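Let's start with one chain on its own, the form predicted alone, as structure tokens.
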Amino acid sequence: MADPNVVARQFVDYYYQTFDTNRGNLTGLYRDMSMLTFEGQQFAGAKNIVEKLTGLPFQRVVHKVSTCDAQPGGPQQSILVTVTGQLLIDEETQPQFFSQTFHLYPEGNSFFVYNDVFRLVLGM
């Protein structure tokens, strides 16, 4: 089995770089069985997830990852990844804090996002 920490770091780097430059290119990371919970709203399937992400009401975003923790997700050799960090939206100068958890499932020689839970951390 691949080292969960190495896979998680590679995934997180790719995910946020892609999110920040062209959210539409995230489609390949999700499948029809994938689920996103974004600020309490649930979206099922790659098409609905990417529609949500590309429809967010901002043009520019920059993620800065503070922590990335990973561990094996079970006998299927899945990986659980938890990320914390900051993001800057459009012309804002004060970052917003966020937490995001991914459950990555193996598929061939790679992984896809089975579960994705995103939440802003307010009141900091």
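Each residue number is its position in the shown sequence, starting from 1. Remember, predicted model here, so these are calculated numbers, not experimental data.
What follows is about the form predicted in complex with a further copy of the same chain, which we do not show.
Exercise. Hey, in the predicted complex, is Gly55 touching a further copy of the same chain, heavy atoms inside 4.5 Å?
Worked result: No - in the predicted complex, heavy atoms of Gly55 and a further copy of the same chain never come within 4.5 Å of each other.
Exercise. Just to confirm, Thr67 within 4.5 Å of a further copy of the same chain in the predicted complex by heavy atoms?
Worked result: Flag for Thr67 set to yes.
For this session: Although a further copy of the same chain is absent from this view, report whether His103 comes within 4.5 Å of it in the predicted complex, heavy atoms only.
Result: Heavy-atom contact with a further copy of the same chain at 4.5 Å: present for His103.
Exercise. How about Ala2: is it within 4.5 Å of a further copy of the same chain in the predicted complex, going by heavy atoms?
Worked result: No, Ala2 sits far enough from a further copy of the same chain in the predicted complex that none of its heavy atoms falls within 4.5 Å.
Problem set entry | Stretch 17-43: residues contacting a further copy of the same chain in the predicted complex, 4.5 Å heavy atom cut-off | Contacts from 17-43: Met35, Leu36, Thr37, Gly40, Gln42.
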